[in-house]
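For reference, the chain that follows is the form predicted alone, supplied as structure tokens.
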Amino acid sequence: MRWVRYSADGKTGYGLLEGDSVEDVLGGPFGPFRRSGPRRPLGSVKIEIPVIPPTFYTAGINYSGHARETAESEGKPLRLPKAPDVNYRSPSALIAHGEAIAIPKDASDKVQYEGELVVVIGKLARRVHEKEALSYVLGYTIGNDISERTWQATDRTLWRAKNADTFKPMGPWIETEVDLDRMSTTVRVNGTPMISFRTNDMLFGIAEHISRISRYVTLHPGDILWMGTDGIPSNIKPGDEVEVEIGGIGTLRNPVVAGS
């Protein structure tokens, strides 16, 4: 099942995406719902951010290849985390599929993409055992963790390097049925493949993260967890178009423009 949040006829709500058409529903993915019609061509609606999260969580270093290549490029020893390392991001940085990533005019040229699997929590989770953790997931979508590396290296926190407006494209919809072990993530810039990796080759899996977070912090329906990335990204610039494709979900596509 694919849940798409969209705007049409001056209203924003959820629908079920089947093929190239969207069917209206009464209710939504986090509670009771029923199909209400009508069906609309997907191309006739504006796709919105698939969920406005109460809290936006991210995994820290979560792929060994990314950690190793980053350490080598910076001339530092490899230090892998011993447990899931959880961060927070600002929901105000989120933009939808098709919306523009705006690079601030005072940013350096080291602005980079990171294609990530996004987990959408479906029900209240508190002190969840790892074996049961995936039952608390509504579904999955795609994220592009835009990062300004000069700010990331010099600021004491990541408040602007990772959270500047438009720096978190997410979408285009929520897929509820996936085979995590068969998924792959590919990032393309202007149609050219830049990075490709097995999506589920994580140091710490989704269940481990949900269990660890919920031991201390209650997860709520609509919370999101971005699972990290692999490989070494390249710089992007105004005029580029970045695509993140994850098998079984779809493709998140966003143009890059110069910001103010």
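Computed from a predicted model, the values in this text were never measured in an experiment. Numbers follow the displayed sequence, beginning with 1.
Keep in mind that the form predicted in complex with a further copy of the same chain is not shown, yet the notes after this line are about it.
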Query raised in the report: Which single stretch, out of 185-193, 121-129, 171-179, 135-143, brings residue heavy atoms within 4.5 Å of a further copy of the same chain in the predicted complex?
Result: 121-129
Query raised in the report: Even though a further copy of the same chain is not shown here, does Pro54 get within 4.5 Å of it in the predicted complex, heavy atoms only?
Result: yes
Query raised in the report: Is there a heavy atom of Ala59 lying 4.5 Å or less from a heavy atom of a further copy of the same chain in the predicted complex?
Result: yes
Requested in this report: Spell out, yes or no, whether the shortest heavy atom distance between Thr218 and a further copy of the same chain in the predicted complex is within 4.5 Å.
Outcome: yes
Query raised in the report: Is Arg212 close to a further copy of the same chain in the predicted complex, meaning a heavy atom pair under 4.5 Å apart or at it?
Result: yes
Requested in this report: At a 4.5 angstroms cut-off on non-hydrogen atoms, which residues of 178-204 are near a further copy of the same chain in the predicted complex? List them in order.
Outcome: none
